[in-house]
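Next up: a single chain in structure tokens, the form predicted alone.
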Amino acid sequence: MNTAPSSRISPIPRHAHGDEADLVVEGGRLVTPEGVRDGAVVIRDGRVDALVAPGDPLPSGPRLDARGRYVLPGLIDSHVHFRTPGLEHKETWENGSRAALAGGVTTVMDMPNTRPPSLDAPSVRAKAALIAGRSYVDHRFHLGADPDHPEVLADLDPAVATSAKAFMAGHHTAPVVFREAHQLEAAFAAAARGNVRLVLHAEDQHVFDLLDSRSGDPGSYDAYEPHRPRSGAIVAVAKVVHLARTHGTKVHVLHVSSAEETDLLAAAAAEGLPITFEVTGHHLSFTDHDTARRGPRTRLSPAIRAPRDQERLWRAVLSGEATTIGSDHAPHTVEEKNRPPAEAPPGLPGVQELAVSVWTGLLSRGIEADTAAAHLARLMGKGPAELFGLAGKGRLTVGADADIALLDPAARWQMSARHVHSLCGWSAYEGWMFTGRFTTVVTGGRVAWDLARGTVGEPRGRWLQGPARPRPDAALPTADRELEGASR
């Protein structure tokens, strides 16, 4: 039951002296890069203007009561599929961004496997134009790496994208797949030249093809994980480590699912290679026993694996070996998911459930609440913000964007279909008893969502373009540019 006080904004009279704040979030437990402490947040002009200790004077202005809540930086989900364009029967950007707000997420990074896919700069710009005015959260896009045109990565304008998704194995929505070794090597080399971070679905298609030649399609869900086993992921990760070492390419491996992958990636990072990895909420929450019992709802790619893998992933989260957690929010309709095991598409909605499922898991493992809040802010704040260069995001600090999520840490509630904001209308977590609930979310200094009213106001989400590529002569001092021009 939610016993936290109301989070409605209450106006107070303006003082005769001093500048009025746009919003003051007071009485909460602030989760900052320096630690977790009581205090207030003063917001002006869409940014955090001050963090104020208890008892210190506060400016006048509207108040947001955060008593009993953690005041987190607006969370980042760097792995969503909001299905726009071309697959809006599964999800719309409006529904996906509402689901994000309900989960405390104020910034998302969307994947390229839409129809058409986002494989070049014009397609990314077209996607951004289509979404403009429809998003409740800020957003950036991962480009799709094209095995037939790896040179795009060498010349990619960072204003369009600073990262590119490469599929090393195929599934229902993968637009292009790196099946050949020379294609993958060319992409790693081009990404290194262009300073582009490769984000990878690291499973090996040749391993799966070999196994399929002997076993065929799975006939039941308890046969699904053996049909897409850990060996495919382990082989792919070994290739990724080799190519990152060879080319110096920045690599982020997505949805790591097994203990062996985790060990390989942690060892590579310890060696100093530019390799990081993501763990998903569903690989932390479910095991292959759930897939055998629940069927299509946890039919995923990579597959959900054994309890020992789940425990190794949790150790990676707690130790700091994992850099991000992501939802891999990938909705499908109920009709699509209820097809036979060989035909049902992998994926589940998860942006709304991600942070509360991880919070629940942290507390269930005996992690103290302040420490759990710091883990959440690192994995869904600082980690993805630094990895993908999301300036102003992911930290509750002076000068940062005023994106804030208020978490009631002790709220106990049961997930049901009526809570789902995703267009698909279902959740793999239906029936789960969660601890922790987001009661209010602020974007750009204004309340965008609260538990009682849902979304508040119009969609104001922005496309977070990266830094513009400098002109070729921009690095030259002025005098040198003048001399260069005179010599032409």
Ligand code: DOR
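The numbering used is simple: start at 1 and walk along the sequence shown. Just so we're clear, the structure is a prediction, and the values are computed from it rather than from any experiment.
What comes next is about the form predicted in complex with the ligand, which is not displayed.
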Exercise. Though the ligand is not shown, can you say which of R197, K239, H171, R125 has a heavy atom within 4.5 Å of it in the predicted complex?
Worked result: H171
Seminar exercise, completed: the ligand in the predicted complex has a heavy atom of only one listed residue within 4.5 Å, and of H201, R305, R140, R98 that residue is H201
For this session: Please check if F388 has a heavy atom lying within 4.5 Å of any heavy atom of the ligand in the predicted complex.
Result: no
For this session: Classify L300 as contacting or not contacting the ligand in the predicted complex by the rule of any non-hydrogen atom within 4.5 angstroms, answering yes or no.
Result: yes
Problem set entry | Distance check, A377 to the ligand in the predicted complex, heavy atom within 4.5 Å | no
For this session: Please run the contact check for P346 against the ligand in the predicted complex: heavy atoms, 4.5 angstroms, yes or no?
Result: yes
Exercise. Of the listed stretches (266-274, 406-414, 231-239, 322-330), which one has a non-hydrogen atom within 4.5 Å of the ligand in the predicted complex?
Worked result: 322-330
Exercise. Taking the ligand in the predicted complex, which residues of 76-103 have any heavy atom within 4.5 Å of it?
Worked result: H81, R83
